[in-house]
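One chain comes next, on its own, written out as structure tokens in the form predicted alone.
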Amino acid sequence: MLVDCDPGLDDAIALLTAAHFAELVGITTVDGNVRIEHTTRNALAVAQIADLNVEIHQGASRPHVNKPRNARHVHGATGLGNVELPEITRSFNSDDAVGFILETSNRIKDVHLVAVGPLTNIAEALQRDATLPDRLSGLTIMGGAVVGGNVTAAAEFNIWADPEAADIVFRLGRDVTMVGLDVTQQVLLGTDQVTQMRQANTPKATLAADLLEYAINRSHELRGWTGAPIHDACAVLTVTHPHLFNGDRRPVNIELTGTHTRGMTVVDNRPSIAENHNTLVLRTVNANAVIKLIVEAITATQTH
């Protein structure tokens, strides 16, 4: 698995989940939840704290068209809440995330690309090499929604942050799995999971507990929820544990011009439509099982 991300509270937990349940072969970063210098530093910090021996390549510093947007009000000023990070003792391997994605797809057979931030890097990779999907075992994104958004009434953050990139990915990606808010907001982790993580008393579990606790507090302040959705870990688990998720293939297009709907994932649910079912749209999830798996990944002392 290769993970393209913008850490981010839930991105960090997703990386730890991927490292446990998959063979994580690389991390690429993109501007999103916070600016690129922070997302890259956060990826380096997670890898260092969890002792992940994996390459990290920095990617796009801004969207295709928009000015850079962020979600600091959710993730904190630097993206990882109020966690004090250690001094980073390594640097990223390159600032060519797109080149690394393409090189990895050529070098490793059937790598699965999981994109859990804005799709800027993925779009550029597809524009550089339209045959990329032929070499992937799958392209899974955390983004979009069948109904509603979380940053506007219509748009989810990752798509809204760079809708032009999302449009390219949904048109050229050929076979995309969309893990949207419809699924991820069913999976809420709470204080019980924080306690389980703290009991593990390892560096990575303590990090995840701190991040989750911050996410729960922000979720309560912003939405009144008693738990926090860990969106990006869900996307990882759709690849490693697909039986826990259900959906159907539908045409999906990205709205680029609407005054109130820019960044919307327009899912065509009409039963009579028989063409261009370009996306597996996930709709339901065994939430309890997914929560247990996330906790297992965080508290385990060894990766699979």
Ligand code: RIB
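Being a predicted model, the structure only gives us computed values, none of them experimental. Throughout, we count residues from 1 along the sequence that is shown.
Keep in mind that the form predicted together with ligand RIB is missing from the display, and what follows is about it.
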**Q.** Partner proximity in the predicted complex: Leu181 to ligand RIB, non-hydrogen atom cutoff 4.5 Å
**A.** yes
Q: Evaluate Met142 for contact with ligand RIB in the predicted complex, applying a 4.5 angstroms cut-off between non-hydrogen atoms, and reply yes or no.
A: yes
Q. Closest heavy atom of Asn150 to ligand RIB in the predicted complex, within 4.5 Å or not?
A. yes
Q. Does at least one non-hydrogen atom of Asn121 fall within 4.5 angstroms of ligand RIB in the predicted complex?
A. no
(Q) If contact means a heavy atom within 4.5 Å, which one of 80-88, 169-177, 196-204, 153-161 is the stretch that engages ligand RIB in the predicted complex? (A) 153-161
Q. From first to last in sequence, which residues of 231-268 have any non-hydrogen atom within 4.5 angstroms of ligand RIB in the predicted complex?
A. His231, Asp232
